[in-house]
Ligand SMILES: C[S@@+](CC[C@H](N)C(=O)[O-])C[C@H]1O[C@@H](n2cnc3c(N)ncnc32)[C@H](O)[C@@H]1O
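The chain below stands alone and is given in structure tokens; this is the form predicted alone.
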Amino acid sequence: MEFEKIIIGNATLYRGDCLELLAAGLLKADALVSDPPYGVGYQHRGGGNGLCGIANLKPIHGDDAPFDPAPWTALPGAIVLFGADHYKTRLPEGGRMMVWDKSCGQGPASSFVDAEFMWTNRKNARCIYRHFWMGATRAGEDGPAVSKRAHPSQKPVELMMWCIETCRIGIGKTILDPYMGSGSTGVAALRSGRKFIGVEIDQEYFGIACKRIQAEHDSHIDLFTEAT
């Protein structure tokens, strides 16, 4: 088994195969929040021009095959898995669906999907999160600006923070994302006072995630330094 390991503050990041790392006992965490590749074959095509309509973004590793959630739903603690409608027949009994309303009422005027579904083993009263994020028009991390997407399935940090809070993952707990992508879950974990373990098999996306998580870590150091 080959892998690369980088530690950034409270984040431990691996470049490698998440299933191999799981079998080796390296991915021990209190909760899992992840957007796995679930076999849609990178066929969003909302922009109508090539892969996903998003320029210069390559396909996601493993997105050309059905996703098996079993290794991850067997883990203890809170679990949130995106894209659950694509593999719902392979999910365990129980749990609930949560919905990310990404069109915020503007869906009929767009060729993109209006919402995304997440499965959680938590029985929550809250189940809908609204954050506009469609194609090239997305609410940015710091307001209503257009933010550049670094990964074809990149999620807003605010959405990942909502998942963490809604599923009652305690402060100081460790969150695992075995399909880290550009690192949004890691940024959300550190920003909200949790620890993080992330895995990404693609070298380029791993580098992007490391840079984003490093920037989040450094921003906390800067705030602490200014406060003292």
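All residue numbers are counted from 1 along the displayed sequence. What you see is a predicted model; the values in this text were computed from it and never measured.
If you look for the form predicted together with this ligand, you will not find it shown, but the lines that follow are about it.
Q: Does S153 reach this ligand in the model of the complex if we count a contact as any heavy atom within 4.5 Å?
A: Yes, contact at 4.5 Å.
Q: Counting only non-hydrogen atoms and a 4.5 angstroms cut-off, does T166 reach this ligand in the model of the complex?
A: Looking in the model of the complex, residue contacts with this ligand do not include T166, since no heavy atom lies within 4.5 Å.
Q: Taking 4.5 angstroms as the cut-off for heavy atoms, does I201 touch this ligand in the model of the complex?
A: I201 belongs to the contact set for this ligand.
Q: With the cut-off set at 4.5 Å between non-hydrogen atoms, does T174 touch this ligand in the model of the complex?
A: Flag for T174 set to no.
Q: Choose from 97-105, 123-131, 84-92, 153-161 the stretch whose residues reach within 4.5 Å of this ligand in the model of the complex, heavy atoms counted.
A: Among the listed stretches, the partner-contacting one is 153-161.
Q: Taking this ligand in the model of the complex, would C18, D35 and M180 all count as contacting it (heavy atom within 4.5 Å)?
A: Answer is yes for this spot.
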